[in-house]
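Given as structure tokens, the chain that follows is alone and in the form predicted alone.
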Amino acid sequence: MQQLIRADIDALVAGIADGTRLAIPANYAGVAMAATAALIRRGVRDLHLVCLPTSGLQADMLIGAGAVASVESSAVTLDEFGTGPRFVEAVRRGSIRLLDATCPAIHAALQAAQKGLPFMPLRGIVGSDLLKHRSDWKVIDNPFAAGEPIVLLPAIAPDVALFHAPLADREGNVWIGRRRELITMAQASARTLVSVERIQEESLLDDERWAAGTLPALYVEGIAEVRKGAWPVGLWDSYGPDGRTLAAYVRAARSDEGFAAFMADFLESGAPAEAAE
């Protein structure tokens, strides 16, 4: 069993090196925004983002900051605020490599790595234009039904999984509730780093109310306690998204200059006082 690291947020992400294949969750599943800010402040570069199965503000900020070389995702969207403006601009300029996918394809490829398999078959994307742009996806005949095509997706095995959760215990067990995709992400990845709202002394696995929704410490390398660590994105059962800040970001990030000005303030100030109440 690996030794659990309890650290501040900068120390937690210090091991995410340039070129890391980094798995991150969708907006609704626990986005580690404080960790994202720490990565940008440090000047990380050439990340390969694996979004499970989409991302939003987190990916958009990392792209805008020049931290990303490639993105594997079904979408980069800020939900009702639209598609990530820095993502759109990076694709237009050709400054990132985009590995377009579907939600089932991302889930299936991570499940392959989770199970220690080299690939996972998937039928639903047969006939999709995506197959023209993903040379790493292979179409074969179903060996159990001649003449029936099926797609083979290579396993996605990230170097690091990074997410934010409401609660962990001193042993490193992390409560993920119904967000079972976080288990897939952690088990598919070589390492898992988690920021949490709170660390408690009592073991989550000793309490039936928590145990079924807990990611065991076996899969967790490091934890940092960060209040409002998902802000301005929301965190389930804890707080909602900060719509005012998200709207301001989208307006500013439509231009290079606006993005730079927004990020300078964001990185300096962190969560505003009203978000910490």
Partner chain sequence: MTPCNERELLIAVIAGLLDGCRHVAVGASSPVPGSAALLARRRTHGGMRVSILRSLRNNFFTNGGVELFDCAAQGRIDAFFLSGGQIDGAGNINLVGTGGYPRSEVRWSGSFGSAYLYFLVPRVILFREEHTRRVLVDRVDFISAPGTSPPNVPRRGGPHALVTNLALFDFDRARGRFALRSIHPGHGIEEVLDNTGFAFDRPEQVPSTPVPDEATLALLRGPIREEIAETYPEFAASAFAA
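Residue numbers count along the first chain shown, from 1. Keep in mind the model is a prediction, meaning the values are calculated, not measured.
Unshown form predicted together with the partner chain; subsequent notes refer to it.
Peer 1: May I ask you to choose, among Leu167, Ala157, Ala75, Leu152, the residue with a heavy atom within 4.5 Å of the partner chain in the predicted bound form?
Peer 2: Filtering the options by heavy-atom distance leaves Ala75.
Peer 1: For a quick test of understanding: in the predicted bound form, does each of Ala113, Arg191 and Glu201 have a heavy atom within 4.5 Å of the partner chain?
Peer 2: Checking in the predicted bound form: none of Ala113, Arg191 and Glu201 is within 4.5 Å of the partner chain.
Peer 1: Might Thr54 be said to contact the partner chain in the predicted bound form, defining contact as any heavy atom within 4.5 Å?
Peer 2: Thr54: contacts the partner chain in the predicted bound form.
Peer 1: Taking the partner chain as it sits in the predicted bound form, is Asp237 in contact with it (heavy atom to heavy atom, 4.5 Å or less)?
Peer 2: Answer yes; at least one heavy atom of Asp237 falls within 4.5 Å of the partner chain in the predicted bound form.
Peer 1: Applying a 4.5 Å heavy atom distance criterion, does Asp79 contact the partner chain in the predicted bound form?
Peer 2: Residue-level check for Asp79: yes, a contact with the partner chain.
Peer 1: How about Arg180 - does it come within 4.5 Å of the partner chain in the predicted bound form, if we only consider non-hydrogen atoms?
Peer 2: Looking in the predicted bound form, residue contacts with the partner chain include Arg180, since a heavy atom lies within 4.5 Å.
Peer 1: In the predicted bound form, which residues of 13-52 put a heavy atom within 4.5 Å of the partner chain?
Peer 2: Residue within 4.5 Å: Tyr28, and no other.
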